[in-house]
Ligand SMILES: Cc1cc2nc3c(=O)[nH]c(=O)nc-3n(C[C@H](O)[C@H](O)[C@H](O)COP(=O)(O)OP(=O)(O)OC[C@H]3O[C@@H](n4cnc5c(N)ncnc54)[C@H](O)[C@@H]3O)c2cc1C
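Next up: a single chain in structure tokens, the form predicted on its own.
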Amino acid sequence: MTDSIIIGAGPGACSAALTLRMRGKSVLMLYAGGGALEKAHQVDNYPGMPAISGRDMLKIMHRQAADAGVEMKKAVVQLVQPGKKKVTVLAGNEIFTCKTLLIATGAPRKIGIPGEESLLGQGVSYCATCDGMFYKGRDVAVIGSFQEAVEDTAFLCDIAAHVSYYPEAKHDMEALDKRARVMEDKVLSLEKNGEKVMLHTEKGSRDYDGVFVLRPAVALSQLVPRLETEKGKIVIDADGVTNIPRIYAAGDVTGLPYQIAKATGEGNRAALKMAKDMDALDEGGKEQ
């Protein structure tokens, strides 16, 4: 079991990871991509790194974290399950456990397609590896918005009878399995239609046995059930503690301002609290 898992790999995540390592804690960072900072052409307001691109800044932070002994793994986290003695994390097709978990996923993603959340587990899935075999020999749709969705579609093509691919955002589709049919129309909503899921688009409607929505991040309400949020942001106290024991948050996911300095400060603060709480638990105490 790892001492701490951090979901994310931006400034807040890296700051927390370094602080935890300085406190002698093992750290695993799980991330799907570089986030908003990776797309920044030039950053001019972060001390010590003048006129640097967001991509280069992340490279420096990631290298520093790796040099400090932080383990980094690219995977989309599907579900977090808190427990009395550990937190269980489903990422990709693997399961990890930790004593404490930090959510530093960046600014919350938009709410999904109308009907998507209510049909989760009733024909809609966020994980091809987890649920693909339920649709062996059947007709499925993939709503994809990043490179891993293209890779998962190849897996589904080996299982399902037919796979339709609906691009939700611009991404590289050159490697998309030729067996998948690319649908150019935008998905507007989803609804239950008997045993199937009806997918409504700009050009009409079609029923599928299953629909896989594959994005770089899962909505907070699905990622951590019962996590307290307000207007899409995670509610934390002064130390980055959420309403769920062993789970903390830092950075843009906690709200404005969306600034690198704010994210690194919150990451450091949360990590100090995480280390303190772990030390108390190791001594037979309780979270402070």
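A residue's number is simply how far along the shown sequence it sits, counting from 1. These numbers were taken from a predicted model, which means no experiment stands behind them.
The same protein has a further form, the form predicted in complex with the ligand, not shown here; the description that follows concerns it.
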Quiz item: Based on heavy atom distances of at most 4.5 Å to the ligand in the predicted complex, which listed stretch, 212-220, 197-205, 134-142, 181-189, is the contact stretch?
Solution: 212-220
Quiz prompt | in the predicted complex, the residue from Ala154, Leu120, Ala75, Met173 that sits within 4.5 Å of the ligand by heavy atoms | solution = Ala75
Quiz item: Just to confirm, Val43 within 4.5 Å of the ligand in the predicted complex by heavy atoms?
Solution: yes
Quiz item: Do Leu20 and the ligand come within 4.5 Å of each other in the predicted complex, heavy atoms counted?
Solution: no
Quiz item: Counting only non-hydrogen atoms and a 4.5 angstroms cut-off, does Gly35 reach the ligand in the predicted complex?
Solution: yes
Quiz item: Is there any non-hydrogen atom of Leu227 lying within 4.5 Å of the ligand in the predicted complex?
Solution: no
Quiz item: What residues of 224-251, in sequence order, lie within 4.5 Å of the ligand in the predicted complex by heavy atom?
Solution: Ala250, Gly251
